[in-house]
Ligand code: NAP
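The form predicted alone is given below as one chain in structure tokens.
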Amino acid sequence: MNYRFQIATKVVFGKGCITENKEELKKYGKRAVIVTGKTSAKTSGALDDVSAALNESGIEYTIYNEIENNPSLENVKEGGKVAAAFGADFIIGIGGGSPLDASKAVAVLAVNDIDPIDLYKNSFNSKPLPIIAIPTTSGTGSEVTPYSILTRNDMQTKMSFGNEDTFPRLAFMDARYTESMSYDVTVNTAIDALSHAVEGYISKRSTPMSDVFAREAIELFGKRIDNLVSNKIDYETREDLLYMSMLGGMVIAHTGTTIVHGLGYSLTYFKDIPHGRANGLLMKEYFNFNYEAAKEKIDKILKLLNMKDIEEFGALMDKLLGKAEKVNDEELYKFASLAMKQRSTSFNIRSVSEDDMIYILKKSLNHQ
């Protein structure tokens, strides 16, 4: 029972929460930079709501909408320059995991004249600007974590940084902003949120407190399986999925992730497989690999999902995701080697070798 627990983010959840709570924005200053991608913030309606709230609050702002699907160090460096030149008092991230993660890096780089590679030192002379996070997907939970996961082109993978100061100060959670997601994105992001809850629950770093949030998130996914399978995703379902995503974020804020993410990063970097889909393709074999080391917890996960065994869970992933992508021997060895370099691998409940990683990949994907 020795553990620490901290959620540094104030969450405002509900339909119309930005409009109804726009006075919150004034607490963070008079000049804001909105960090987002090309389309999602506008399409979802979040950007219009934020712009209106800022205008009504007398807050000047500019928009940096150049965030890539998998933001790189170079990408966030440019955002940091924009924020510094504008003299921003705070940062507003709008979008899925990529803009939210990028906003944390921009908040650091706006007030620290450092090379982006130095973000991974996790120690900065000046505290990052305050961050307000507004998710438009239901997957990453980045609105309640300190982590910023960025693409390292020099290492051909993704790596995260983050400390207590990179927690968003405020998160506006409105499920209306997730209604513009396609069916595939809805499924992939829901599976991403599930993987956060599952990996955190089985992690060596799990705590009694994080387990409470993990079980709640897993149960919510189980409750909405039929909606996901049948593509009958109404507003109530989207609220549950957004709530689940937030809970998953609260879990990994304390536990980190494990080998599912460690392996999944290469599938995204090299094969262009969406992050949540990559995780879902790996989860059945992740359960099989860890079963003897975490039998009680995996059985509890299956019960919360109303699944009789791991095979039934695998069948569900097949139904939601379809046929797995092809992978050859060279890719197997490369992806496994890169995953072993991820710090998250050490958090797995069962010790893992490169050969174990190769086996999991081979069983999970369409090996040629």
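Model, not experiment: these values are computed from the prediction. In case it trips you up, residue 1 is the first one in the sequence shown, and so on.
What comes next is about the form predicted together with the ligand, which does not appear here.
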For this session: Verify the contact flag for Tyr269: yes if a non-hydrogen atom of it lies within 4.5 Å of a non-hydrogen atom of the ligand in the predicted bound form, no if not.
Result: no
Exercise. Tyr177: heavy atom within 4.5 Å of the ligand in the predicted bound form?
Worked result: yes
Exercise. Quick one: is Ser51 in contact with the ligand in the predicted bound form, heavy atoms, 4.5 Å cut-off?
Worked result: no
For this session: Verify the contact flag for Glu199: yes if a non-hydrogen atom of it lies within 4.5 Å of a non-hydrogen atom of the ligand in the predicted bound form, no if not.
Result: no
Exercise. Thr62, Thr39, Ser337, Asn55: which sits within 4.5 Å of the ligand in the predicted bound form by any heavy atom?
Worked result: Thr39
Exercise. Of these, 289-297, 260-268, 208-216, 110-118, which stretch puts a heavy atom within 4.5 angstroms of the ligand in the predicted bound form?
Worked result: 260-268
Problem set entry | Members of 127-142 lying within 4.5 angstroms of the ligand, judged by heavy atom, in the predicted bound form | Thr136, Thr137, Thr140, Ser142
